[in-house]
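Following this are structure 1 and structure 2, which are two forms of one protein chain, each written alone as structure tokens.
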Structure 1
């Protein structure tokens, strides 16, 4: 925990000590509050609605994962937003095509950034090549339908309506044309931020992430152009659950980035149409969360719930380097349906905050303490011949690789490539060594099937790397290469 947070926590605890005294005062005040509460809520809105606008501004719109510049201390203005609806084919994952319906050409749609009191003049254009009418319901709008009834627009037409932003917060917008579920399921959602006067506090990095669930005729991974499946959508049986419209939108080269010491703010939304997101960043703790995108701030949060049609603002400081995996912690969605992104953090390690693996031994409850080797008599880790190397490698395999590549090296379709009979493995020994040493992300083709996932670096000694690869090469129809610790060392020294 960061020192600021510890101080905050202490302040909260002091606050609790004085709580009993102040409860009495609150109780007395409460009686008055009861009478004036409704009025106060009304006053708050009246306040925002009386904010005068000065001048006009064309809104900057951005595609995910980027957001427009902060409003800073600008005054409330007439803000001109022009958004174009495009129905266009895109790629859900390798070889899987999908026709997305989009606000501004991306899923989620363009990010809109406003401040309280702005008068937004919104023009919605439906491209002439589109096939369907659409509209927009912005949750930031106070008014019937959130703008939907005023914005219904046929292909080749445009409509304009305006609204004043009364409540600060992060809001979802979406198409609300019947069948509403289908328009949302095809990608018609995005976020609009209403900043308070003076803007949100400055941070170093800001990103835009939105989850959505998709329903295709073919099951997950089935190639070709996949039409929307209404029945699966009704049954809430998603084939894909993804961030930013497709599998891998935030992984590998598309990962979001930060440097050690920077503060990161994520504007996270959930378009649904059906599923609720348990938003989590593996290896990070959210210092602050604007719960549900509103004014309530929670601190020190591990996982925040983002309802369908809802949002949250999460903030944290990155203290250590590494690749932080962003997931919906309904975890099969992350590893099997696509809800997985990456935040890559560069900078100096801090071994006090996180040591990395310090020691590893064999845990033997029968024996006295941690030993250096399994079995009874064996004391030395070093293999003296091929047979020993294979035997030792098998143990390493059962401890680490097996969890992902499976017991017989068969892998899991779409997630973990096979090591059994792997053309990729057999083609290049040094490359395989490098993968085990450093991990691997990005696209690869193994036995004609594409994979684009994450293998984390394995913390193994050179000897263990040599042994486990020798074991893998010697089994399941592979080419029987013996990998020596010398060779591992050579690969290591090549960078």
Structure 2
């Protein structure tokens, strides 16, 4: 055989051997990958519906910023939860009062702590002094409306329903009674924690923080009792963005605390109703974040996003003393609207980690009122005849009145009075105009039935008030009155 042929044959054999070895390596890696994948696939979610409960336990409920004790390694139980809805006046900030609608008398509502596989028997009570019906939608519930369809309850009544906790995680609950946005905006939200079997790992300190955005008739800082402003809420123009229901709920004497060397776990929720939270602790890095309150864990996180109606669990070890400022890093919300809290840490300084002087109170709300840039006013379309007024009024009704009074003016039984064939409405047109302009609270009788609810004053122009009332009076069997802007202006001047 020629020399060049021998060389070629050796090259082919070397290539073949190399290919064979490579193939074997790839095959081995493939088997390893398959084995690893198989291991991952073998970690299946526990079918919590099959978990048997043993015994009964009354749930411990706590107000923010505190949380109940961990479930530890207890077995699944029949967990008894009783929660009362209270509509009560509180303080948004110095001199500014607000009527909050609450679960358990606090904003956010009482913290509920369960474990996967619990069978929760939930009793919702609506205090007899309340004005409105309410319900509860728990994001931890697998079922229609998250419990909302089973929990609608009028003032002075209570209702009981049950559910099984199927998925571990941190979940929001909120009221889902129409208009849903208004109920949430007035403070009706909270958190329910579903721990895995065996409980979460132990930490030194745990706290409950929940962000919410509030919309008041007066501007930021305007003193007095401030009613809810629906138009600002629709436009997502919050006057206050706060932790735990008010400005300063987590500052000064209300600050949460820890000691150097301790691990802190924060259960953080965002009730909304509108704004996403950019949650951040100035001077700390989150060691672990349960993203959106679920099983996915992120590490070494500076700021975590929490959607409206969502949550996150953040953990970190505090290594140096000082006052650590908790903020929504959409930063004007922190320094101008109230989304600011404090974690005060005591202990010995560690100059190696941080040599700067520790100063409390370096970050304070700036207290600036909300300002706006000059701009042109939007021109309001005016009606030139009755037909146009009715058509324009129908648009306003769909945007403003539909949620409470429904598509055919039938209202909601026990909550919002009907506008269709309404003896109350037809008896006094000027009274109806006044109610749209100023709102109304208290008992009234419509078509022989009593209602005791709240109608907020509407932020509408004289033209829009005239149009919507003309539409209502011209439909559903009412008395066909045409309301004009001049009549609206006349009622305004009388009050």
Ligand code: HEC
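Positions refer to the first chain, counted from 1. Under this definition, the rigid core comprises the largest set of C-alpha atoms superposing within 1.5 Å between the forms. It should be emphasised that the depicted structure is a prediction, and the values quoted were computed from it without experimental measurement.
In this comparison, the chain shown as structure 2 is the form predicted on its own. Here residue 53 does not count as shifted, since its C-alpha moves by less than 2 Å between the two structures after the core is aligned. Residue 106: CA moves less than 2 Å between the two structures after rigid-core fitting.
Relative to the superposed core, residue 69 undergoes a C-alpha shift smaller than 2 Å between the two structures.
Core superposition gives residue 430 a CA displacement of 62.1 Å between the two structures.
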